[in-house]
Structure formats: C-alpha cells, structure tokens
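Let's start with one chain on its own, the form predicted alone, as structure tokens.
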C-alpha cells in the first residue's frame, strides 16, 4: 500500500476475539497509535480492503484446520514483523485440550453431524508453523503490554516486557500470599506476569492465564500443591486451562497424569 506510515494488519485464527477486543479497548492509546500507523487489515474493526505487504502483523488464534495452516504461511510471507497475541496464538489456547485426547471424540459429542466438520487433530500455536518475532501472552493479553509492543515497533526498539512471574506482581501490590497464608492453590510462581496479580489481589489463586514465566520450576510447585492436599487429578486440571499446551504446563501435567511430577 502507498503510505509513509508503517502498515499494520490484525489477523484472526481459532480464538474468541478477546485479544483483538483488547486492541479496540485501548481507546485513547489506540487513537494516538492510529495516527502513527496505517491499519491495513483488521476484520474485527471492519477494515478488510487493503492487501499487500505489512510492516507489522498481530496474530490472534491457534492453528486448528488445514486452511489455517495454509493461511498462516501467507501471513508470514506478507509480514516483516509478526507478533502473536494471546494464549491461543502462543500456546494453542483452551482448544488445545483436544491434544490430550482424540479429536473425533470431542467432535462426536459437540456436533450433531460431526462428519461435516473438518479439523486437525491438534490445536497448535502459531510458532509451531512459522517464525514468530515476539509473543504476547495472556487470556486476554495485557493492554499495557500491547501498547508497549506497538510503541517499541514504531521506535525501532525491543519491547520492555518482563518474563518474571505473577509472584513478583503480588509483592509489588503488597498482596498477602494466598498459598502461604491461606493454603490456596496458586500457579503464580510459574505464571508469566502481565495481569498485575489480579486474582490473588482478590484472594484467589492464580489460574495461569498468562502461561509459563520465562523461568519456571513446575515440578517443585507440583510438590507444594500435593503437600497442600491437592489431588493429582485436580493438579492436572489446574494446569490444563488456557495454556494447557504451553511446554512447561504440558510437561508438568503429563508427568502428574503419569503418576510422576515430583521427580
């Protein structure tokens, strides 16, 4: 497209659209960003007419069909920089629960005529199919991290996004540890920061919405959860939510399901 502004495209694959709505929810920040970029393709916002190459592509959703697998290759080829946004795009999403079972079983339960539904046997992150320049985690993503990423792109620098855990955000907020004080199961020690410790701030354990932090010790947390009285079936369930197929969560849940996890 002919413009002096960098062109930005927003793409959807298998997802709930929540991360795209986060972009639209930026309000004042989005208006400021819109003056610096040319939104070339953004189906959620009704922008579908401009095709070509893109300076930045934001990709939401996982790969669940053969058409998805073909289309993401086209998106990658047309994009100078590709950033995946959200748990679906970075870890396969909640739909990756199919990866632990047989997809035909799910299909037969959910659909009246499963023979008409074409799908892959797995739900996989974008990085399993093409090169990804940056991943923004979360279900949904953090508005602050998204704005920081776009700002960094415009200024030619790396985004300042920490890979620390939710526990550090709890300390910054002055939260009393829900596990130490109340024995509440919490994935905060192994979950990527970004939510500002939302659930622990309301005396709930972290659910792992942001996937694994950059450095984790999931087997050690499994030991702690067991010591707190949590049954193995419950540990597997708590690890298999929004980021079930993220490497560290997947490995830990599979080890527990196999009767291990403390080794």
Partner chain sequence: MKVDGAASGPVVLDTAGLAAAVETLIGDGWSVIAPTVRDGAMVHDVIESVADLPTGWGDKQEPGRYRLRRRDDSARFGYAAPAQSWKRLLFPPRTTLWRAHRPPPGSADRDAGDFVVQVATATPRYAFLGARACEVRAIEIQDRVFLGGAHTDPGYRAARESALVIAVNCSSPADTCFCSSMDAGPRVASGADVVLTEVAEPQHREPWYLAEAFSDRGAALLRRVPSAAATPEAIDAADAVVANAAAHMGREMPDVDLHELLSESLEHPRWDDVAERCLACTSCTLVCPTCFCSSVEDVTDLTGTEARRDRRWASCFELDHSYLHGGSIRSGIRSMYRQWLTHKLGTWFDQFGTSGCVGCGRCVTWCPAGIDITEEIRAIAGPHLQEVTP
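Numbering follows the first chain given and starts at 1. These figures come from a predicted structure and were not determined experimentally.
The form predicted in complex with its partner chain is left out here; the points below concern that form.
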Every residue in 68, 108 and 259 with a non-hydrogen atom within 4.5 Å of its partner chain in the predicted bound form? no
Go through 69 to 77, 181 to 189, 123 to 131, 85 to 93 and give me the stretch that gets within 4.5 Å of its partner chain in the predicted bound form, heavy atoms only. 181 to 189
Indicate whether its partner chain has at least one heavy atom within 4.5 Å of a heavy atom of residue 224 in the predicted bound form. yes
Would residue 216 count as touching its partner chain in the predicted bound form under a 4.5 Å heavy atom rule? yes
Closest heavy atom of residue 162 to its partner chain in the predicted bound form, within 4.5 Å or not? yes
Taking its partner chain as it sits in the predicted bound form, is residue 151 near enough to touch it, meaning that at least one heavy atom pair lies within 4.5 angstroms? yes
